[in-house]
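What follows is one chain in structure tokens, specifically the form predicted on its own.
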Amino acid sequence: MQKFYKLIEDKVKEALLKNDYQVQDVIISESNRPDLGEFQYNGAMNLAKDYHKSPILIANDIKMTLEQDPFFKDVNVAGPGFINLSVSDNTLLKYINNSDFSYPKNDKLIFLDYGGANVAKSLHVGHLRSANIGEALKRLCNYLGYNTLSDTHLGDWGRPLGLVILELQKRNPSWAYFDENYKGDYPKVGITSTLLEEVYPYASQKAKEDEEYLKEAQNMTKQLQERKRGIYALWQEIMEVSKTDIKKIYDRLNTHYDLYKGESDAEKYVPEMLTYLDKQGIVEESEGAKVIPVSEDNDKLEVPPMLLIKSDGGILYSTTELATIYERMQINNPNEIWYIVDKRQELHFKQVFRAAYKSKIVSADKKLVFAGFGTMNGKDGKPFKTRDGGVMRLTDLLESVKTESLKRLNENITENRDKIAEDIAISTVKYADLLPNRETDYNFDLDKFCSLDGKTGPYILYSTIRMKSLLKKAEENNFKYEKMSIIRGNHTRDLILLLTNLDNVLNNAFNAKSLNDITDYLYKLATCFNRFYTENIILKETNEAIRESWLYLVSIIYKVNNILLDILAINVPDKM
């Protein structure tokens, strides 16, 4: 991609050198005084300290050099030495006509862990943000040229599975899975997601009330983790059903994983990893348990040791988490691993990451990244709940948004109403979810986010469809638009200037591991386009050069819009 801000920075740096001012970096920003200029350079103040010279004198030296360059149409100095820059029409035309929005291939491999679904349970609204943010970050990485691998890291190996299998045994003791003398292949018993959704809450509640039942569940979990033949075979059937159900919901969210591994995969690496850790000499005894001390001298708050093995010999979630990193480094050897998880897990991941570096499971040149996110709450600011007080299922949330989308859909649309409503619903949920900074909690207001006005998914879709419709009508009229030769009309220049900031937006999103820069940029782009569309009669313009320039600009805006929506995993319907 042509990095427009870099072009300006190079021009300013060249002007500084011509005036004998030595600098390492030049940073250009969007002007906060658009009445004075489109871009701004504030470095004269820092140079004044180094050269013992008034910043306004330095700024004027730079101004006099830059205004000789036809790249700029205006250069002026304001305040104590702020340099305001506006570029020429020819500069913008050259940019738009040579616009290439692709990025070169990067050999770096980024492994993304997001989703975090639990087997034998329904996905609930708490799973939404991880899936949305993780998928968008993966697509952003791919667009910027990085190689990626994604894994949902299923919760498939702990006590919840022991509870489910125990309750299934109590209800169906005659199943071959529970016959220790059974030989041959086990016949499938028809496990369904509906059955699992009913069994787990029941078993979980019973374990809280009945200590004997809890002990039985712990024993069943032990049998599973020892891979006892019948128990393990039943677990495999449960896994098959759960994965199918989980994939359906993720597919609905346009969330797709390269891997569907889980704790069970990492568990196989635990013995090998423990042997390795013992050789490293970093494991200590503590009250019968084994721990890895991970505190550092500059910690402001205490960071407890990572518990590796309990006093009873059992392993913990942190153990399998470290084993997962061990497995990934052994098999995939990524340059970076990003964890897109609830920000309340920060301490857990801090302990695991430090243990991974301390043990040299992860070398110092590799990056482990904790990208914690805030929670999505209801309109009242409280966690989403069902009418009976339970956590709302993700499918129920999506259906409620889809129902509202159908109500608002143009009544003249008779074909594919359900599919269009689905696309609008997913855009509504995704855009609202990605709009705030990743770490921010936010309230999901159904009426607000389904609206065609303001920062909403439907507004962005409507604007995109308007662009597509305009270009289609131009094609029907045989209007050609192969380049932009003139800048005329309201908001034309504003749109091009917005495009020049695209590279900054994408890289800011990548560096912050947050999509709010992209969602905000999409809104600005849509709003500016709609003003441009309203105030210029594009298809009826009789000046061919102006009409061709406008249409070419719209085609570029439409292209960028679709690139960004694809990064956010939002589909655009044909109409709405």
Ligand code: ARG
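These numbers come from a predicted model, not from an experiment. Each residue number is its position in the shown sequence, starting from 1.
The next section is about a form of this same protein that is not shown, the form predicted together with the named molecule.
Colleague: Quick one: find which of 423-431, 169-177, 343-351, 138-146 has residues within 4.5 Å of the named molecule in the predicted bound form by heavy atom distance.
Modeller: Residues of 343-351 come within 4.5 Å of the partner.
Colleague: Between Y326, Y339, F449, F82, only one gets a heavy atom within 4.5 angstroms of the named molecule in the predicted bound form; which residue is that?
Modeller: Comparing distances to the named molecule in the predicted bound form, the residue within 4.5 Å is Y339.
Colleague: Would you kindly say which of N76, T395, Q218, N118 lies with a heavy atom within 4.5 Å of the named molecule in the predicted bound form?
Modeller: Spelling it out, the residue with a heavy atom inside the cut-off is N118.
Colleague: Please determine whether E321 contacts the named molecule in the predicted bound form, using a 4.5 Å cut-off between heavy atoms.
Modeller: Judged by the heavy-atom cut-off of 4.5 Å, E321 is in contact with the named molecule in the predicted bound form.
Colleague: Give a yes/no on whether Y317 approaches the named molecule to within 4.5 Å in the predicted bound form, heavy atoms considered.
Modeller: Y317 belongs to the contact set for the named molecule.
Colleague: Just to confirm, R129 within 4.5 Å of the named molecule in the predicted bound form by heavy atoms?
Modeller: The answer is no: R129 has no heavy atom within 4.5 Å of the named molecule.
Colleague: State yes or no: in the predicted bound form, is some non-hydrogen atom of D113 no more than 4.5 angstroms from a non-hydrogen atom of the named molecule?
Modeller: It does: once the named molecule is placed as it appears in the predicted bound form, D113 has a heavy atom within 4.5 Å of it.
Colleague: What are the residues of 147-167, in order along the chain, with a heavy atom within 4.5 Å of the named molecule in the predicted bound form?
Modeller: Counting only heavy atoms within 4.5 Å of the named molecule in the predicted bound form, the contacting residues of 147-167 are H153, G155.
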